[in-house]
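Next comes just one chain, in structure tokens: the form predicted alone.
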Amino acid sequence: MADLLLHLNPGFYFIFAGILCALLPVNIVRKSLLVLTPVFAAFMIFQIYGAQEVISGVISVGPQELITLRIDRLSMVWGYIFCLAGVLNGIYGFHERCRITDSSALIYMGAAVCGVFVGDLLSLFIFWELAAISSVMLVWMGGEGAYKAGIRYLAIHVLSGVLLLAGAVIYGQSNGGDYTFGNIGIDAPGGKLMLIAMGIKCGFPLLHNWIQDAYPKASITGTVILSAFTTKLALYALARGYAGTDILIYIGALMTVFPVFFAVIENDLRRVLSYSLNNQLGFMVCGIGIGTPLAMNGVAGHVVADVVFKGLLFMSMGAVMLRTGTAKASELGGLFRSMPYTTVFCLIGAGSIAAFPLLSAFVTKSMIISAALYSAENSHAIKDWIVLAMLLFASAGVMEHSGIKVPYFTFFAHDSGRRVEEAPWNMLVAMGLASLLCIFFAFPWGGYQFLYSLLPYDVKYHPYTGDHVVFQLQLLFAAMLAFAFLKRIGAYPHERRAEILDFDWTYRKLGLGIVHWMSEMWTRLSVNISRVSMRLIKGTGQKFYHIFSPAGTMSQSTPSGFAAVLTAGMLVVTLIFIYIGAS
């Protein structure tokens, strides 16, 4: 039995627990499974993985072999952070009594964990789609507009899976039936299709709108869970298959910049955080494109930091939404008086995402920016310096919208007059643990060294240099000064009580309008065709009646009535058949 467990993908424990949760009526047992399952899975990862890569769990399906378990230093990082996210999410949602959420959350987590520990593209596709199907339930458990958002979410993720499968089949057939998931590259047969598939889940520009559409409409706990897994699974796939692909550098740089402008004018603070999720994903995509050991360490480290601090920010907004019923900046403010602990936790998350010294992103994001700087210095290409400038601008931008805007408009700004209870104890525990991790991962004495020890490559990077600390503080204080100045002169964008659309306007407004116009045109055409057809039938009937009726022209020299015509016609047909049969 013990030997069997060492050959089993740890993600299966989540899936088994999720199926069991669907059958269990007792809430406390389900909640215990939500917390204990990821702890057990992390323990099994520790037991399975040694100093060498582990490949096991090979299953033969016809002529194909599915590698259901592969653990190395790259996948191990994702496995551990997914288990950690599972524990935090289980604690955070302890107050809920929804069997569907509990079951689908565990299956979704399991699909993501299985996805990072498989060793072939066909197995990846299976768990890629399972993650999409199970996670849509978390969207549908939300409030107003959740059903339509879930349908759009499911459609785009099924499309991603179809592209992944098509690319994998082309790639595998070109390699003599070898579907091993390793370095693929954009020039490989099927490589571009798989890159687009991963880009959809990763939120590439123009493919990103499902994040801002679905995440804010999901349930309170659902949004927190969603923020940790889907996009990070896609990042793992990119890191495994496309490290060093140049185009990802420029895609990632663009991803860091464009969300800044939309987040500034967005009123829904959970949508602001969704845009900032795009922003942070951009740093990691850019690091994957650079592909050096320093950059890849930065990507893996920032995945760990991002799951924690972004989860913390979504948790704090979820707590506010639970108590006030809204996450709109225009309807909040002054909540620090009644939710002081949530305020402190949100500020820690905001400082972490902004990369303040002594908070987590300071020791992870800086590795990616340093890798971009080294690349620009060595290449002397103007485009690499532009990429570096975009990353620095985005670093200041994230300070403005997630580091300042989210806590400012929620807990300070104007006083909305709301006096509510503090968040439930379990939410406070989850946020408190996440806050401690944000501090621990950046702690100068032992903290960040522990994080660095988990990374794929040996780390020779020291974040707490005088130049780095001073430069980062200058960047952050410049962003704070710009925010204060714009607020002072009244030039900062006012919060609009509307949903801001960006590229999704093309299909949610323009595309829908075209469909409605085509439907209306078809209705009109159908009415006109029907009208003309009725006139034609009526006219033809009148003509036949005029010819074959008893008073018609045919009656003057032929047997009367239409019955006589039918009889004659039947006689002709009968004679024809007799003639054919006789011949």
Partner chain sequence: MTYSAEMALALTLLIPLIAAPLILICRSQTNIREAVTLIAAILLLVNVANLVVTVAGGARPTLLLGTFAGEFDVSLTLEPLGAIFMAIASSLWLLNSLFAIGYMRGNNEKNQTRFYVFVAIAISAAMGIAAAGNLITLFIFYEALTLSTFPLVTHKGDAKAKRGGTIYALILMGTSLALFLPAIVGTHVIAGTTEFRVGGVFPEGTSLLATSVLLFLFAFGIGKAALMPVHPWLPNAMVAPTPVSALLHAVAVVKAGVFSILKIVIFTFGPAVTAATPMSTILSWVAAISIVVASLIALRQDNLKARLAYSTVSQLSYVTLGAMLAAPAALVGAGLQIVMHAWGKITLFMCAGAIYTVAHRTNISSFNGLGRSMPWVFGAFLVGSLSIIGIPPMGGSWPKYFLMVGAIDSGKAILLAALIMSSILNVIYLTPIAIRGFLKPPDNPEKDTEIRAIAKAHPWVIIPPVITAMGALILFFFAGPISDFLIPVLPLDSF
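None of these values were measured; they are calculated from a predicted model. Superpose the two forms; the largest set of C-alphas matching within 1.5 Å is the rigid core. Positions refer to the first chain, counted from 1.
Just so you know, the form predicted together with its partner chain exists too; it's not on screen, but the next bit is about it.
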Have a look at 447-455, 157-165, 432-440, 74-82 and name the one stretch with heavy atoms inside 4.5 Å of its partner chain in the model of the complex. 157-165
Is Val29 one of the residues lying within 4.5 Å of its partner chain in the model of the complex, judged by heavy atom distances? no
With the partner left out here, check for me: in the model of the complex, does some heavy atom of Trp425 sit within 4.5 Å of its partner chain? no
How about Gln64: is it within 4.5 Å of its partner chain in the model of the complex, going by heavy atoms? yes
Can any non-hydrogen atom of Thr523 be found within 4.5 angstroms of its partner chain in the model of the complex? yes
Quick check on this chain: which one of Cys98, Ile133, Ile186, Ile196 has a heavy atom within 4.5 Å of its partner chain in the model of the complex? Ile133
Please tell me which of Val169, Leu207, Leu358, Leu254 lies within 4.5 Å of its partner chain in the model of the complex, judged by heavy atoms. Val169
Of 108-138, which residues get within 4.5 Å of its partner chain in the model of the complex if you count heavy atoms? Leu122, Phe125, Ile126, Glu129, Leu130, Ile133, Met137
Superposing on the rigid core, does the Cα of Ile28 end up 2 Å or more away between the shown form and the other one? no
